[in-house]
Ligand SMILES: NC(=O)c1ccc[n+]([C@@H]2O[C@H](COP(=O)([O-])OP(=O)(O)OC[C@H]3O[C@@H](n4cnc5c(N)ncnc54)[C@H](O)[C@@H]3O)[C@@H](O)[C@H]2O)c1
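Only one chain is shown below, in structure tokens, and it's the form predicted alone.
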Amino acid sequence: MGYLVDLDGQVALVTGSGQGIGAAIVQKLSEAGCQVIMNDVCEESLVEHTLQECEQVGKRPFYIRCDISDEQQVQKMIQKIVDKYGRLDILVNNAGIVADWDKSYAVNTKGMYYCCEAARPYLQQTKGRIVILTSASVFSGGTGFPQYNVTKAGCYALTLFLARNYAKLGIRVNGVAPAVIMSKMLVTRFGSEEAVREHYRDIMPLGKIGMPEDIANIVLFLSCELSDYMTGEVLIADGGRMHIG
């Protein structure tokens, strides 16, 4: 019998999970038996398909509409989760945007900190885990949006800061730095998924572009007992592009 990641009985919040990587993380945690809370700024009707898909493989996620750049909204969201489920074990800080400097900083960096601090007392009770999504562009200088690179670098620094300061509370804090991942934006840019795959086939050492599920698998690892002796790590998920590309 193979090894089974079992998160039954645990409660996880995934921010910015209305689509893409966030939605894939919700699906993966649901498959592992976790009760997941989805968060985004869209109407619940727009994530209904994800809720139904997760319900077929595990527990139906609970959706909370919340702008994480608003600290009071974040505090109310965390309190709502604890009131409903009695605990919080995993916080996946996935929310991120490409916008002007002020909005990028408000969501990509400050919003993540608001979520971590609001969740800290409850994660301390469960000796929980925080996973922060940053970006490989922090190390490569890629993308054409300086405000995205800089604020995602803030996520990287925040991962290290929180790992050091939360360790004594029993909370593990790790990060994931994806490179280019298949998305609606890329499909629109190149015209089709096949065109995206063809473009990146020779660019990525592994010969393929990353998929949202690839990142979700790493988040699952950082959310379970397999990563118990890790904190303050940021795992680069870029198909080998940075180091051997």
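When you see a residue number, it is the position in the sequence shown, counting from 1. Whichever C-alpha set is largest while still superposing within 1.5 Å between the two forms counts as the rigid core. Fair warning: this is a prediction, and the values are worked out from it, not measured in the lab.
The next section is about a form of this same protein that is not shown, the form predicted together with the ligand.
Enquirer: Every residue in V131, S223 and G232 with a non-hydrogen atom within 4.5 Å of the ligand in the predicted complex?
Expert: Result no, not one residue of the spot touches the ligand.
Enquirer: Which among 116-124, 157-165, 132-140, 80-88 is in contact with the ligand in the predicted complex, heavy atoms within 4.5 angstroms?
Expert: Among the candidates, contact is made by 132-140.
Enquirer: Just checking whether G175 would be counted as a contact of the ligand in the predicted complex - the rule being heavy atoms within 4.5 angstroms.
Expert: Although the ligand is absent here, G175 would stay clear of it in the predicted complex, with no heavy atoms inside 4.5 Å.
Enquirer: Taking heavy atoms only, is I21 within 4.5 angstroms of the ligand in the predicted complex?
Expert: Contact with the ligand, yes.
Enquirer: Taking heavy atoms only, is D67 within 4.5 angstroms of the ligand in the predicted complex?
Expert: Although the ligand is absent here, D67 would touch it in the predicted complex, with heavy atoms inside 4.5 Å.
Enquirer: If you check in the predicted complex, is I97 within 4.5 Å of the ligand, heavy atoms only?
Expert: Although the ligand is absent here, I97 would touch it in the predicted complex, with heavy atoms inside 4.5 Å.
Enquirer: Going by heavy atom distances of 4.5 angstroms or less, which of L51, A32, M204, I181 would be at the interface with the ligand in the predicted complex?
Expert: Checked against the cut-off, the match is I181.
Enquirer: Just give me the single entry in A195, M185, L46, V57 that has a non-hydrogen atom within 4.5 angstroms of the ligand in the predicted complex.
Expert: Selected option: M185.
Enquirer: Along 101-132, which positions have a non-hydrogen atom within 4.5 Å of the ligand in the predicted complex?
Expert: The stretch touches the partner through V107 alone.
Enquirer: State yes or no: after fitting on the rigid core, is the Cα displacement of V41 between this form and the one not shown at least 2 Å?
Expert: V41 C-alpha, core-superposed: shift of less than 2 Å.
Enquirer: Does L51 move its CA by 2 angstroms or more between this form and the one not shown when the core is aligned?
Expert: Comparing the forms between this form and the one not shown, which are aligned on their rigid core, L51 does not shift its C-alpha by 2 Å or more.
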